[in-house]
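A single chain comes next, written as structure tokens; it is the form predicted alone.
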Amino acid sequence: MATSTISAPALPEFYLRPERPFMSRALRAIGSFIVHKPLGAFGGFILILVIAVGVLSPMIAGDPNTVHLSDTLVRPNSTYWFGTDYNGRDVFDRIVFGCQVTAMVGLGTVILVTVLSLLVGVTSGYFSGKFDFTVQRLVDIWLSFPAIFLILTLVAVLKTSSNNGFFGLGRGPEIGPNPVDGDWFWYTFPRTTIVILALGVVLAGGASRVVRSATLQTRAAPYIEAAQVLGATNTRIIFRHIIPNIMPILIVLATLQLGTAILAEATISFLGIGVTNFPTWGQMLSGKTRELAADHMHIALFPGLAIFLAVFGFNMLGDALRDVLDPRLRGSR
């Protein structure tokens, strides 16, 4: 008697296809992002450009504080690409070095806002109850202060005009670069720490509300309840389940906050209490520039255009990332 053999069903071709290398998948994703989200790709290019110009600024431009008394208020030409200001300083050089402050303040503020909003939003949303009620009332007080007033107060108290390094409280141990020793990118950080602290504290209040909302939504998922039933600790649930699942929202939030931080830094520099011992874009629009810009438009046009392109690009990047990372919006635009 013949025996019949039953063969296993053939796997679809999709499962037999070898997985592409990580670099190939990453390049494919970037290419798709550029094609489908050109404005978002433009924002990413602006972000990379600002950081690259800031890092390489001493190689790209000359000393931004050099005064050419015989060449004051010169219009753009082959020698001074963006012209000179009322002190004869090269506007192009000052904008290039201003990228250092823009990059440092933008990225530093985003990192601080992310850490603070995670700390407040995740703990408040996860533990809920009386703890959540108490924390949210404190956040309400936090948000009730006008943002510009709170920023000005913090910056004034911590004294940004000081050359004493981290948070204006002295350098402490002899570690890190002296803020008056050089022009390279990393020497700018001590100058910007006070502004980063002020902006981070102010912007984290609203960001924590977004994180709390995402945490509440994630906490209600069945797999969180299953993890609790299996005996997982709160710490494990937060770091293994809550934070990874709200990470897309954090990325979008951080990108959108980047433009806000840069605009806020330009505002306080314009008012004269931001980074005062180094060229910044907002500082270039203040002082005599307001009086002379009507007849010498270039001294206000180029710094203003730099601020506009940076903020516009970062906002477009954040909007595109939201469309890509948020599953509710995926494919809608």
Partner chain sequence: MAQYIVRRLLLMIPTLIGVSLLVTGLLRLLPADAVDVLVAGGEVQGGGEAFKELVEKKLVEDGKNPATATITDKARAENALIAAQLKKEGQDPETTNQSLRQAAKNTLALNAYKDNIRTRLGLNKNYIEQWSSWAWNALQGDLGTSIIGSRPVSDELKRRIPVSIELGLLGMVVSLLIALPLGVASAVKQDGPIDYGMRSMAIAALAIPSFFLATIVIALASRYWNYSFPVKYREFWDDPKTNLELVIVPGIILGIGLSGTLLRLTRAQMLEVLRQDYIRTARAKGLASRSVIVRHAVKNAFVPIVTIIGLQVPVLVGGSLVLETIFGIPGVARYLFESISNRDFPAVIGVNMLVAFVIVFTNLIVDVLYAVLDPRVRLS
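Positions refer to the first chain, counted from 1. Keep in mind it's a predicted model, so treat the numbers as computed, not measured.
Same protein, other form: the form predicted in complex with its partner chain, not shown, and the subject of what follows.
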{"item": "Any non-hydrogen atom of residue 223 within 4.5 angstroms of its partner chain in the predicted bound form", "value": "no"}
{"item": "Residue contact check: residue 153 to its partner chain in the predicted bound form, 4.5 Å heavy atom", "value": "yes"}
{"item": "Partner proximity in the predicted bound form: residue 311 to its partner chain, non-hydrogen atom cutoff 4.5 Å", "value": "yes"}
{"item": "4.5 angstroms heavy atom contact with its partner chain in the predicted bound form for residue 304", "value": "yes"}
{"item": "Contact check for 141, 290 and 322 against its partner chain in the predicted bound form, heavy atom at 4.5 Å", "value": "yes"}
{"item": "Contact segment among 238-246, 210-218, 133-141, 189-197, judged by heavy atoms lying within 4.5 Å of its partner chain in the predicted bound form", "value": "133-141"}
{"item": "One residue of 86, 127, 145, 81 in contact with its partner chain, assessed in the predicted bound form (non-hydrogen atom, 4.5 angstroms)", "value": "145"}
{"item": "In the predicted bound form, the residue from 39, 27, 52, 67 that sits within 4.5 Å of its partner chain by heavy atoms", "value": "39"}
{"item": "Members of 98-112 lying within 4.5 angstroms of its partner chain, judged by heavy atom, in the predicted bound form", "value": "none"}
